[in-house]
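Shown here is one chain on its own, the form predicted alone, set out as structure tokens.
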């Protein structure tokens, strides 16, 4: 009788286990592993060049948005912002410091995207997509403290220093009649040549212009772009064409603005620099 009872109990346990496995009721189990690629909560699946990592290009010569910190690594507002975006996406962020003019062509092959105080332009939109704009900027003109340059007409025929591939570069080449355009990989080199007399003016974005005015105190003056008819422009994160990363990054930016992180970074890196 005991043997029969044991067999009956064993059979009941077996049938119960089979029912749990195949009758719709499932035993507790660990959550399934994520699919290949990376996903952001609430967004569609997106892929990066390396699983679990977001490789971002920058040009660390554009303070306060990007510059080389005391530890020798890229730092600045853009760097802090993209790291916060990566945290929202659950991705490790790797920064690659490269020439500004090489950033767009490297997206999708060497880097997942670029953040470098980059303005949204029709030309760039032919090659890459952009996130929602995260900052509005305008070009400024740096001149020496004894310069008589005050307006767009005063720039005609002058030697203009710019950073290669930037909005200032495009303005100097396309909009200033008779200008000799001296393009540099680093904006600070253009400013150095302004101080030593090789450039009559330097066109650069407002925030870097104010930093250079402070760093070269008494030697250079930053003039507002409105004096020269410059229009406002939008900075955004450049990403591969038709990438699922774009809506995911936009969602992360929206969350960072909503939770106050974005404003904290502006205060730390931009307002304090000014």
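Numbering follows the first chain given and starts at 1. Treat the numbers as computed from the prediction; the structure is a model and nothing was measured.
The same protein has a further form, the form predicted together with a small molecule, not shown here; the description that follows concerns it.
Screening 232 to 240, 216 to 224, 245 to 253, 47 to 55 for residues having heavy atoms within 4.5 Å of the small molecule in the model of the complex returns a single hit, 232 to 240. Taking a 4.5 Å heavy atom cutoff to the small molecule in the model of the complex, the contact residue among 116, 190, 142, 85 is 116.
By the criterion of a heavy atom within 4.5 Å, residue 100 is counted among the residues contacting the small molecule in the model of the complex.
Put simply, residue 124 is close to the small molecule in the model of the complex: some heavy atom of it is within 4.5 Å.
Not displayed here, the small molecule is approached by residue 163 to within 4.5 Å at the level of heavy atoms in the model of the complex. Taking the partner from elsewhere, residue 131 is found to have every heavy atom lying beyond 4.5 Å of the small molecule in the model of the complex.
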